[in-house]
Ligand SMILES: Cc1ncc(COP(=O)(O)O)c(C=O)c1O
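Shown below, as structure tokens, is a lone chain in the form predicted alone; questions about how it binds or moves come after it.
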Amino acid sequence: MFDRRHFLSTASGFAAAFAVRGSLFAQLEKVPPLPDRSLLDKNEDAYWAELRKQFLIPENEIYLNNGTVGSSPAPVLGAVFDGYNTTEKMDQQDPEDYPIWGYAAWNEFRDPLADFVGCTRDEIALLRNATEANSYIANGVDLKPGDEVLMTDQEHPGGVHPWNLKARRYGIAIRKVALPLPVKDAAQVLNLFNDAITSRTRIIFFSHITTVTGVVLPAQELSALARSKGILSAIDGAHVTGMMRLNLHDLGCDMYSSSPHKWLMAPKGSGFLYVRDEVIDRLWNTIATEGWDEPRLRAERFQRIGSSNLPALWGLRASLKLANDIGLDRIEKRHRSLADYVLAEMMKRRADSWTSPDAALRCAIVTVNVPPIQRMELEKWMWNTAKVRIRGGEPSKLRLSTPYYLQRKDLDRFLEKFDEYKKAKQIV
């Protein structure tokens, strides 16, 4: 756990400012130690309830929007502060070893991340988020006017707009597969993509888990389909890291982006780009500095962007350790259990499910359509009257995220308030 006294003893000039009641340091000082993992086997509900105390989200607030951004727990925040405390002294033994932060291999951070996502160190670059990584992909792949990129109609703006820019600048074509609401099964998705591929298709780009409905697309099968036709595959995996198990080599894709600040609860501004080793030399750099044209650097050359926020990587490493200590299988199981519960309850309330009925194609995001409710009005009402944070889309879509630390009572409170809102609005 973060040691506030140690930090303040080495930064006494800031002690007075940070010691005030309600400050971040004061809050972290009150966070209890992490629960022993043995409690998970003895009393699972008690374990997750104890783990909830690691988050600074006030006890009276319920956060159902990890799909946008997660809350970093105390061990991650502590690691960030430790990173600043260590690096800002500028007292490295080697006079050339001070943090030239934009030009390092960062293997101490890449190694645990590569192990966590199932690839090699040389295939991964540490960036700020999936949007940045998606832009590297779109800008870096050689395409000619008329070449086609095939994607879904459920891509995040940070996924589709890098390709829109390339289309406007270079004359490539973007074609979209319309995903059903909901997707019935993996075969349905594969058939839609297979039928949409043309002789001009050069790359398939899709979200592993879409931001629109949270459907888990059959990424391994789609990557194999692309490979069989000599087409590149690039995946926006913003939601996957920390939500469910991921092995990039098993997935078989050529490129993959992610934002661990969502479900891994890593610091904001910590993302990554994976490029399969056989494809690295086909991807041009977007940002050029020393090493951009050095093949031996492999994926490292994509993270050489100049001065960077190194302490965020300390936090990323801590978030990986926390997930490993809990056990990602346990985390994924918890995600699915909570999501299945709230989905079943919303369907009892006659919500129109846009979440796949196939359990393999859903995890920790539930999306329902609830007309005539206006989602923004409900979203504001939920927050202002009940301190429940939700997210959705116009006019009546609700997207409910279920991070592992939530309690069943939290979901019941949302459901109770949802019923209360409908009653107040006389919605049957």
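Predicted model only: the values in this text are computed from it and were never measured. Sequential numbering from 1, following the sequence displayed.
A second form of this protein, the form predicted together with the named molecule, is not displayed here; the remarks below concern that form.
Colleague: Evaluate Arg301 for contact with the named molecule in the predicted bound form, applying a 4.5 angstroms cut-off between non-hydrogen atoms, and reply yes or no.
Modeller: Output for Arg301 is no: heavy atoms all beyond 4.5 Å of the named molecule.
Colleague: May I ask you to state whether Ser356 is within 4.5 Å of the named molecule in the predicted bound form, using heavy atom distances?
Modeller: Contact check for Ser356: no, nothing within 4.5 Å of the named molecule in the predicted bound form.
Colleague: Using heavy atoms and a 4.5 Å limit, would one call Ala219 a contact residue for the named molecule in the predicted bound form?
Modeller: Heavy-atom contact with the named molecule at 4.5 Å: absent for Ala219.
Colleague: Is there a heavy atom of Thr241 lying 4.5 Å or less from a heavy atom of the named molecule in the predicted bound form?
Modeller: Heavy-atom contact with the named molecule at 4.5 Å: absent for Thr241.
Colleague: Hey, of 260 to 268, 291 to 299, 328 to 336, 82 to 90, which bit sits against the named molecule in the predicted bound form at 4.5 Å between non-hydrogen atoms?
Modeller: Careful reading of the contacts points to 260 to 268.
Colleague: Just one of Ser207, Ser223, Thr213, Ser72 has a heavy atom within 4.5 Å of the named molecule in the predicted bound form. Which one?
Modeller: Checked against the cut-off, the match is Ser207.
Colleague: Sort through Thr131, Ser233, Thr201, Asn309 and report the residue having a heavy atom within 4.5 Å of the named molecule in the predicted bound form.
Modeller: Only one listed residue qualifies here, and that residue is Thr131.
Colleague: Scan 147 to 179 and note down the residues that get a heavy atom within 4.5 Å of the named molecule in the predicted bound form; none is a fine answer too.
Modeller: Counting only heavy atoms within 4.5 Å of the named molecule in the predicted bound form, the single contacting residue of 147 to 179 is His156.
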